[in-house]
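Consider the single chain below, provided in structure tokens and representing the form predicted on its own.
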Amino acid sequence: MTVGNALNLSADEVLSTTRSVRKRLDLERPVPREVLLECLELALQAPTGSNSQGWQWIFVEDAERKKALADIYRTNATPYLDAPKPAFGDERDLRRPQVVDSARYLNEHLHEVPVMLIPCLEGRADKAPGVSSAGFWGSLLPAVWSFMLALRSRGLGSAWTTLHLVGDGEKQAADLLGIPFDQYSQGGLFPIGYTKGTDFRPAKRLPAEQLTHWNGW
């Protein structure tokens, strides 16, 4: 039984309209645990290296812990958002003010989201000799994206943030949540909530032809 199935979208629609949702997260509507677990069950079908499945998933509903995580995030996010950004020199520059405004909103309201998720992967990328970072994170990131797609298909949204990991932030979050820091790496901090409306559209991206190479660079 699909507990949280609110939308009737094709696979292509889900793939092309799963956005980073910040300002349109409903901060007032609770997110049932059974919906989160249903999305996670789907995400756990993602591949991992050697079928290791070395992931752990921490959902945070407690208000005090959400505030503490948001404070860690803001320590890094505020100066990052205030710093000037180099221009791309193409159409991406046109959307930057909107993206920055959305990111500032999340920075200010992060502690208010109904649920936060920190996905973790067993091991430390910088302490895994002979294992590239691509191979390491390749055992977590597909599952996280599958989780976000499952959220979208049920009328929920999220945004992939990583700024809490900068500096001592990851260690502080680990201490706060009891994550064994030397044994597990955090893959991000994901605010989760139902979305205000579900009318998300494909984003304007650079054309595939501009980014494609055949048989070499």
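Note that residue numbering begins at 1 and tracks the sequence as displayed. On a predicted model such as this, the values are computed, not experimentally measured, just so you know.
Same protein, other form: the form predicted in complex with a small molecule, not shown, and the subject of what follows.
Peer 1: Where does the small molecule sit in the model of the complex: which of 95-103, 115-123, 82-90, 132-140, heavy atoms within 4.5 Å?
Peer 2: Going by heavy atoms within 4.5 Å, the stretch is 95-103.
Peer 1: Using 4.5 Å between non-hydrogen atoms, is Q45 touching the small molecule in the model of the complex?
Peer 2: Contact check for Q45: no, nothing within 4.5 Å of the small molecule in the model of the complex.
Peer 1: How about Y73 - does it come within 4.5 Å of the small molecule in the model of the complex, if we only consider non-hydrogen atoms?
Peer 2: Yes, contact at 4.5 Å.
Peer 1: Can you work out whether T198 and the small molecule are in contact in the model of the complex, taking contact to mean some heavy atom pair no more than 4.5 Å apart?
Peer 2: Outside the cut-off, so no.
Peer 1: Give a yes/no on whether T161 approaches the small molecule to within 4.5 Å in the model of the complex, heavy atoms considered.
Peer 2: Flag for T161 set to yes.
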